[in-house]
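A lone chain, given as structure tokens: the form predicted on its own.
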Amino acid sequence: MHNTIGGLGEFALITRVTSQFPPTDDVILGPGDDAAVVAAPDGRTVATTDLLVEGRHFRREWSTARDVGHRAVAQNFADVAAMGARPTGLLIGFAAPPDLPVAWAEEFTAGVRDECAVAGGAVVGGDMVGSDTLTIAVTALGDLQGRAPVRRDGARAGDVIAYTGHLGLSAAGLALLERGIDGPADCLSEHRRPSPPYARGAEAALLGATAMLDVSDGLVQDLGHVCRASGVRIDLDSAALRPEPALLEAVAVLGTEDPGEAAEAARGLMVAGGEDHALVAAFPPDADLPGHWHRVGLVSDAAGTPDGGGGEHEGPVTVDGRASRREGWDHFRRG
């Protein structure tokens, strides 16, 4: 009985892992050959890649293997959805120490399988290698289904900014874990297993979205990418940012009990908290948005953007006309 992946061996582990992934209609040829073949009926393929490194993106003492599997799929297929596409395939590179328990690898695979069932895609291949650091590299593919991709450079003055999904819960969950506090389950689960609104990416495209992206590094920071790509300014309305009950509860548990201060702290997590994997988009002002899209801001002409002279209105994204003092996530500035 082999309890570690080193004892089991590469090819036996590959066989055990790939047996958990049933083919889908998008997969012409799945794992087992030198490369997979995935259908591309649109004639174009959306492709993105991302990394998860133990100690930086997840900790085994905080997240189960199944949690990490869910996260690996979610953060990549969320980027596919942000282009207005439908998830189709995943390629997973798995680098791990030889003493990693086989059970951990199997539970990770189960998490990947279960999140693929939610998102609609399938694992079509990948690679495994020994490594001192547990690292997971994921490449995700998507189908535009005949639509134009929703890029970051299409926002125009007069557009409205709206988001769908959860904002701030993941950041609150991380804060709870860092302090060893047992807080609202919704915040902890959203950090461990993000729940991107996959289908709403394609929905946004059909609703006429002019620009869109996945909120992974904080709402303000990510919208800054739209501003720079589109040559516009975005102003968020703090009154439109309505924290979910679980977020307000988490802020209170973390030590902010005054209702007014708690609401402000919660909004701070909504604009700067990373790893939400909600979707935020710019829409024409007359767009008829369903209730799960929350209008939170407006796009204006770049001529109104401050010149960066250090004043209180500095920056292309503002909250109530003022630059947010909260930064989003930057992998090379955070320890």
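Note that the coordinates shown come from a computational prediction; the quantities given were computed from them, not determined experimentally. Note that residue numbering begins at 1 and tracks the sequence as displayed.
Form predicted in complex with another copy of the chain: not shown, discussed below.
S131 is the sole member of S131, S189, S238, T256 with a non-hydrogen atom within 4.5 Å of another copy of the chain in the model of the complex. Only one segment in the set 263 to 271, 52 to 60, 287 to 295, 65 to 73 has residues whose heavy atoms sit within 4.5 Å of another copy of the chain in the model of the complex; it is 52 to 60. Put simply, A36 is close to another copy of the chain in the model of the complex: some heavy atom of it is within 4.5 Å. Among residues of the shown chain, V299 is not one whose heavy atoms approach another copy of the chain to within 4.5 Å in the model of the complex. Contact between A172 and another copy of the chain in the model of the complex is not found at the 4.5 Å heavy atom cutoff.
Contact check for M212: a heavy atom falls within 4.5 Å of another copy of the chain in the model of the complex.
For the candidate spot formed by L29, T45 and L91, every residue has a non-hydrogen atom within 4.5 angstroms of another copy of the chain in the model of the complex.
Within 4.5 angstroms of another copy of the chain in the model of the complex, the stretch 272 to 294 places no non-hydrogen atom at all.
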